[in-house]
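The chain that follows stands alone, in the form predicted alone, written as structure tokens.
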């Protein structure tokens, strides 16, 4: 089978694809034939080592000082190709999707995963490409809007950076929760933002749209507290998806006035959170927007696109 790996903290050219044996599922494991996998901004950051200010040393301590000791790929969609001893929850041929998380390893043609882990049946309403794209942006958007910001029906939400993986999911989930959704995006992506559910869309390069907003979801950190404080309502919440170390410390330590809060943090990738996101989809509250789809052989090119941080929708590679 084909398997991708990183060779250094460097550009997309540092990705190589090897031929290795197909793994055998152990007891309690499922062997999945991967049909599609996303290529995300997170993948690009882990490969390059380029992370928000103040976090580089922590990243290298976590995944390797000289090269990334993690494997490419965070999520997958595919078919069950084999079952380890004791597995009864799945059958060969079942369509499945899931998450392997921080250590990666989905940019390959076959993978093994615990049957009771982060793997779920793929709904009939999703194809493999949508299944591959489903969890990365959706889990983050749901965590920040529902669990951290507690977005309520009737509130006004601004999604700054509304047409990538996280922003596109946030626009849909915010609308489903009953919020009025405004968005910023590049002009070429305004139609996509409206199609996802934004009522008003402005160019992210212009002045911030008029508020006040009860919740601002700042996907790429372009607004920050300085850009958001003038349009954030009393008791409003600014959620920073991409935050550097000073922003994280400021969110925890500095008062912001009028009961306003700055929210940072990570998104748990638990099976329960995954199941909640599937429920949102089945309630017609979220379906990932798939953008470019490339063959697995063009994984380096996909990384170059992801590293631009301006891809519309979700970027997916498919196994052939």
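This is a predicted model, so every value here is computed, not measured. Positions refer to the first chain, counted from 1.
The same protein also has a form predicted in complex with a small molecule, omitted here; what follows describes it.
Visitor: Can you confirm whether 75, 129 and 271, the three residues that make up this candidate site, all sit within 4.5 Å of the small molecule in the predicted complex, judged by heavy atoms?
Guide: Checking in the predicted complex: none of 75, 129 and 271 is within 4.5 Å of the small molecule.
Visitor: Verify the contact flag for residue 45: yes if a non-hydrogen atom of it lies within 4.5 Å of a non-hydrogen atom of the small molecule in the predicted complex, no if not.
Guide: Residue-level check for residue 45: yes, a contact with the small molecule.
Visitor: Does the small molecule get within 4.5 angstroms of any non-hydrogen atom of residue 220 in the predicted complex?
Guide: Heavy-atom contact with the small molecule at 4.5 Å: present for residue 220.
Visitor: Is there a non-hydrogen atom of residue 112 within 4.5 angstroms of a non-hydrogen atom of the small molecule in the predicted complex?
Guide: Judged by the heavy-atom cut-off of 4.5 Å, residue 112 is well away from the small molecule in the predicted complex.
Visitor: Can you tell me whether residue 41 touches the small molecule? I mean in the predicted complex, with a 4.5 angstroms heavy atom cut-off.
Guide: So residue 41 counts as contacting the small molecule.
Visitor: Which one, 228, 166, 173, 149, lies within 4.5 Å of the small molecule in the predicted complex by heavy atoms?
Guide: It is 166.
Visitor: For the chain seen here without its partner, which of 156-164, 115-123, 230-238, 80-88 has a heavy atom within 4.5 Å of the small molecule in the predicted complex?
Guide: Heavy-atom contact with the partner occurs in 156-164.
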